[in-house]
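First comes one chain, alone, set out as structure tokens in the form predicted on its own.
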Amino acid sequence: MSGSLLFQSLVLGVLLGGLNALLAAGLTLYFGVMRVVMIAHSAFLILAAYLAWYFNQQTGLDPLLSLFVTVPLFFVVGIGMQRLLITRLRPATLTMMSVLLTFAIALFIEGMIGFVWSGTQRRIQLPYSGSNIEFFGARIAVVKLIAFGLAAVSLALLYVILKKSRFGQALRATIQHPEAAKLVGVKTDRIAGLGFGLGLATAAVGGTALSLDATIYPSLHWHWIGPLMAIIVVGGLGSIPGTAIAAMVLGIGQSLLQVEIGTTWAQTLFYVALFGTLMLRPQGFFGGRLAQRF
């Protein structure tokens, strides 16, 4: 591999890792707050991508503007989903039953997308879709840069919310020790609903970013759920900093492997990392101390 190709792969790996970190952030929030394995998260990502495509088709405006509608919409849907469905599951079997419940929701969303927009593949065509810029010899697509910028801004906002706001303090307390949080007056049920809504709002942003540079179809969410699960397990369930680090490492690894073994086989890196983590360090490589410091 030549030096220029290696640099190009590293740059693309960083951009891919940043987007993956945003896509996986919601997943780790669900588990951190409620111990819910949200299989339907990637289906909501694809739904947001379809809404961005539909917005562009109907108005001719940039799909990024659809975020003003989809982010609050998904936030409210997340709160409603937590209040009306998740809280009805028995605490003793919450994690296992949440897999079945959200699996059914993913199938429902996939069917609804196919019914409304058919199974035809869709792709957003924008004036800057084919544009590239040069960066120290590496050619970078503008849409990838925009998606990475959107992911970086969203993760920074998420960090500020969780680190600086009273809601963030209550959410972190609920993640770290829900019983102790209740003892000091935190309304953990209300915080869990808001946390679930926040997680689904990240799906709206991630899906819109994904729509800029991807061909979408109703069953695309099954392609994403495996890698996203691998990222949050490697990073440590419930740890957003760990998720970001794992997404970046695996994204760079995938980008480098694509050059040698092709796109399809390079994605097996996520599953190798997942099985390796479960065998060697089931709590994840970055979730322990980082989760407590966050």
Partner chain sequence: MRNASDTETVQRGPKDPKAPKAGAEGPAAPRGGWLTLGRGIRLVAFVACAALILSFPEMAPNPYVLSAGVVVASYACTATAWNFMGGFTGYISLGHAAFFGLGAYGTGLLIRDLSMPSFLAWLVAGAIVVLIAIPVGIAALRVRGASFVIVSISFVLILLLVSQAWKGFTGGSNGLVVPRPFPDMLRPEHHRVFFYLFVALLAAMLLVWWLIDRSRFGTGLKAVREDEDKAQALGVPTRNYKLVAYLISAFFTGLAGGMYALWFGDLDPIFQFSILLGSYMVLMALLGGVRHLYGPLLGAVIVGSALEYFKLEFGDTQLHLVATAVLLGIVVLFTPDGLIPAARDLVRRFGPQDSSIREITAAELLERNREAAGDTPEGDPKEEER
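Everything quoted here is computed from the prediction, not taken from an experiment. Residue numbers count along the first chain shown, from 1.
Separately, the form predicted together with its partner chain exists; it is not shown, and the next lines address it.
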{"item": "Contact check for P91, T264 and Q267 against its partner chain in the predicted complex, heavy atom at 4.5 Å", "value": "yes"}
{"item": "is_contact(L47, its partner chain) in the predicted complex, heavy atom dist at most 4.5 Å", "value": "no"}
{"item": "Contact test in the predicted complex: L274 vs its partner chain, heavy atoms, 4.5 Å", "value": "yes"}
{"item": "4.5 Å heavy atom contact, G114 to its partner chain in the predicted complex", "value": "yes"}
{"item": "Interface membership of F108, its partner chain in the predicted complex, 4.5 Å heavy atom rule", "value": "yes"}
{"item": "Option touching its partner chain, based on a heavy atom within 4.5 Å in the predicted complex, out of T95, T188, Q169, N132", "value": "T95"}
{"item": "The single option of I39, L67, I245, L51 touching its partner chain in the predicted complex, heavy atom within 4.5 Å", "value": "I39"}
{"item": "Stretch in contact in the predicted complex with its partner chain, which is absent here, among 137-145, 69-77, 83-91, 195-203 (heavy atoms within 4.5 Å)", "value": "83-91"}
{"item": "Stretch 207-222 - residues with a heavy atom within 4.5 Å of its partner chain in the predicted complex", "value": "W222"}
